[in-house]
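First, one chain by itself: the form predicted alone, in structure tokens.
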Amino acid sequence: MPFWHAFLRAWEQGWHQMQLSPLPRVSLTPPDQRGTLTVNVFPLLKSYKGDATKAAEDVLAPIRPYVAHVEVIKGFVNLSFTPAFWVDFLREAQKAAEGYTRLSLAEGARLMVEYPSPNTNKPLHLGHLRNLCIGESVSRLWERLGAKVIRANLVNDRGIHISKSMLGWKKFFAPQTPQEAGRKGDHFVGDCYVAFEKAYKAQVEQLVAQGMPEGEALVKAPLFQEAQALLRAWEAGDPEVLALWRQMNSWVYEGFEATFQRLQVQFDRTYYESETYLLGKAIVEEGLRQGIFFREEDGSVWADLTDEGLGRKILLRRDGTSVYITQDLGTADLKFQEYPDLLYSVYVIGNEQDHHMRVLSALLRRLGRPWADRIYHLSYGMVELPTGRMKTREGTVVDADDLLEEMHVRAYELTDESMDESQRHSIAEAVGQGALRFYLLRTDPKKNIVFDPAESIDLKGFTGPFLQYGYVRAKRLLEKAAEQGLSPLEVSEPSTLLPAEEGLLQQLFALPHFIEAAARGFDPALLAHYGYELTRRFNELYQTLPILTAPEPQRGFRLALSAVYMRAIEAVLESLAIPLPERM
């Protein structure tokens, strides 16, 4: 039995042979109506003189042996499949991954997905976790379409923010090391940055109190002047500054790696802005020679994008130091030099950088880069806490490590006390991360979210643990069946389908559609919602109908339904990078 995409292609070929035009549109039947698929025959009604029933007969002709029930509602045709169709589907879905949980729609395509692009002046925080979850899930979704995905991480290891953390260490922490302070390396460097910002803020407030305008005070504060001097010394290659920079970055990288390992995230390519900013400077010089950019009297270099509604953009400061867009030009160029066949170069970056990314694409187009339109900004909203927005400068950010530990503790409290400690902690880690990841993915990436740890771990809500529990429940059911010598592959055809069975079948059949939609839309939330509805329907079957104690053929049919559900929910959880616990 062909799955979603193959089934629709074969159906469409039948329409071509019948010379139907224009072709109808097929979608899932709305939840409040009976049926599995709905066909929109409105476009055909003119040629059928308004006779929707006759149009429906012809539209359904290529698949008529599979159709059990038809309902025509104005220009829409709702159809249900026969038990025989579903028996074949359940058998094939258990045996074949290709076409069901894994597709070949993007076979041969290559994408690069860049995430989480951290700064080396602070630890990863809750916002980075949303970035990581989105980036990893999008990568896995495209891999399920058959694409080759390069996971890239751009490390923001240079710039004024790095100078601030270096100066913070020199002023307030030297000669202490993370080990001496008893702090994880990235957290220690983050402490240095926060200490700088607090002292800098006090200097600005003092200058403002003395009558200086705030804008002027921000750049004339002594600490800021020192940080700027440190940045210039770094770009000039000062050995002492470079040595401190390397030392502090090594502390941060060690901390990042520990967090990445806990999250089971690995990158295929890592870029460093300290290397790509020089490439960007060369591109700016290229733009100057071509007259695309211009130099002001003070020596700064600019691009004028006002005709595109993007205003003027500085590319090099008057002292010759580069800005973010400079190094981004260099990195973008390097990516396509290394991988010229990229279908997309995806940037998972927060929506506060929407304007920046539009400017980057506009600059690349003006520079004549043929791949400029293959840059895709996967823009996502901010994560806030019930107490309000996080602020790095004020030290009110929720560190990723602290949150992961909190979720572990919350999940541990839900585990069975009769299990040994090692197993309890293993399950707690899987459930804690599942709760966190699902909560960060269940909302359209473009929207802001408020993260509530207590809500995220509710076993009965719209949560990751709800899906994980459905998976574990189905797994245990199949284990019990195996103990009784029952095989889900031995499927017999029931005489009728009950609503709970048909509802779950409809959802199972739609899995490939949702995998494709979530991948091409760069929106894991679509699959998160699908997984929740899938598990809700499985629970309805499990709780209202007997399975192992049912007579044949219902027992074999429902057992096969449970097996395909487990395969489908496993694909959903793995695509969302949610761990599969052994028990709960």
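So that the term is clear: the rigid core is the largest set of C-alpha atoms that superpose within 1.5 Å between two forms. A quick note: this is a predicted structure, and the numbers were derived from the prediction, not measured. Numbers for residues come from their place in the sequence shown, where the first is 1.
Not pictured, yet referred to below: the form predicted together with the RNA.
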Answer key: of D333, E273, E197, E114, within 4.5 Å of the RNA in the predicted bound form (heavy atoms) is E273
Students should find that, of R536, R520, H69, K54, the residue having a non-hydrogen atom no more than 4.5 angstroms from the RNA in the predicted bound form is R536
If you check in the predicted bound form, is S47 within 4.5 Å of the RNA, heavy atoms only?
-> no
Partner contact for F260 in the predicted bound form: the RNA, 4.5 angstroms, heavy atom = no
Can E540 be called a contact residue for the RNA in the predicted bound form at 4.5 Å between heavy atoms?
-> yes
Should V59 be counted as a contact of the RNA in the predicted bound form, where contact means heavy atoms within 4.5 Å?
-> no
Can you pick the stretch from 154-162, 179-187, 203-211, 282-290 whose heavy atoms fall within 4.5 Å of the RNA in the predicted bound form?
-> 154-162
In sequence order, which positions of 180-213 have a non-hydrogen atom within 4.5 Å of the RNA in the predicted bound form?
-> none
Classify F173 as shifted (yes) or not shifted (no) between this form and the one not shown, where shifted means its C-alpha moves by 2 Å or more with the rigid core superposed.
-> no
Can we say the CA of E429 moves by at least 2 Å between this form and the one not shown when the core is superposed?
-> no
Take the rigid core as the frame of reference and indicate whether the C-alpha of K446 shifts by 2 Å or more between this form and the one not shown.
-> no
Quick one: in the predicted bound form, is the Cα gap between L459 and L436 smaller or bigger than here? Answer closer or farther; it shifts by 3 Å or more.
-> closer
Checking the C-alpha spacing of K460 and E406, a student should find that in the predicted bound form it changes by 3 angstroms or more, with the atoms closer
